[in-house]
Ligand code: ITT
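Here's a solo chain for you in structure tokens, the form predicted alone.
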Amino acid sequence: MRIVLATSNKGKVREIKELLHDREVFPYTDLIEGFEIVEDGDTFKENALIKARAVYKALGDTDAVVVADDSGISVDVLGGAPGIYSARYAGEGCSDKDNIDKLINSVKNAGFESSPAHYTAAIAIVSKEGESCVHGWMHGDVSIFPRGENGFGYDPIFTPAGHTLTLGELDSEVKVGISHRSKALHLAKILIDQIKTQRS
């Protein structure tokens, strides 16, 4: 059973492949040309489903199982921002560093050096069997002082609850055990296995 990821983000592809290591997984851009998907939903769930549906339709392969992730960070002192806009917080085509810099400045401008925050991951699965979406969360704090070079996105400024190191400093093995995406993927694997069972 071929699992197709509705992303070309190398960081996400690598993380999802590691978590679904015992399955055949491809980013959709290995199979068809990449195309723009307008993520105009109001929630992580809506945007994940938009991406999964678009790629499933574009593939034209009814046997494919498409997995799409939409995730982001919500910062308490910013009223939950950037939320669903995390990937483009500093503007379209911005870099991870641009996003981090804007978040740091936003927290500073709110009069804080740190704030409680949480990551959300919504993972949508679209196949001929139907549509579903599962979620995972990771709580902790953001700081205006980045530390570490590992990971991607906002990892250098986020310290998970119960840890003293940022996601940018933690080993990959530790992150896999606590991340929002790994929690959501654990649930997604159960649904993928159910699809596999239905087909066998």
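On a predicted model such as this, the values are computed, not experimentally measured, just so you know. Don't overthink the numbering: it's just position in the shown sequence, from 1.
The discussion below concerns the form predicted in complex with the ligand, not included here.
- Of the stretches 65 to 73, 128 to 136, 141 to 149, 52 to 60, only 65 to 73 has residues with a heavy atom within 4.5 Å of the ligand in the predicted bound form.
- At the 4.5 Å threshold, heavy atoms of residue 46 stay clear of the ligand in the predicted bound form, well away from it.
- In the predicted bound form, the ligand sits within 4.5 Å of a heavy atom belonging to residue 12.
- Contact check for residue 194: no non-hydrogen atom falls within 4.5 Å of the ligand in the predicted bound form.
- Using a 4.5 Å cutoff between non-hydrogen atoms, residue 175 counts as a contact of the ligand in the predicted bound form.
- Contacts with the ligand in the predicted bound form, taken as any heavy atom within 4.5 Å, map within 17 to 48 to 39 alone.
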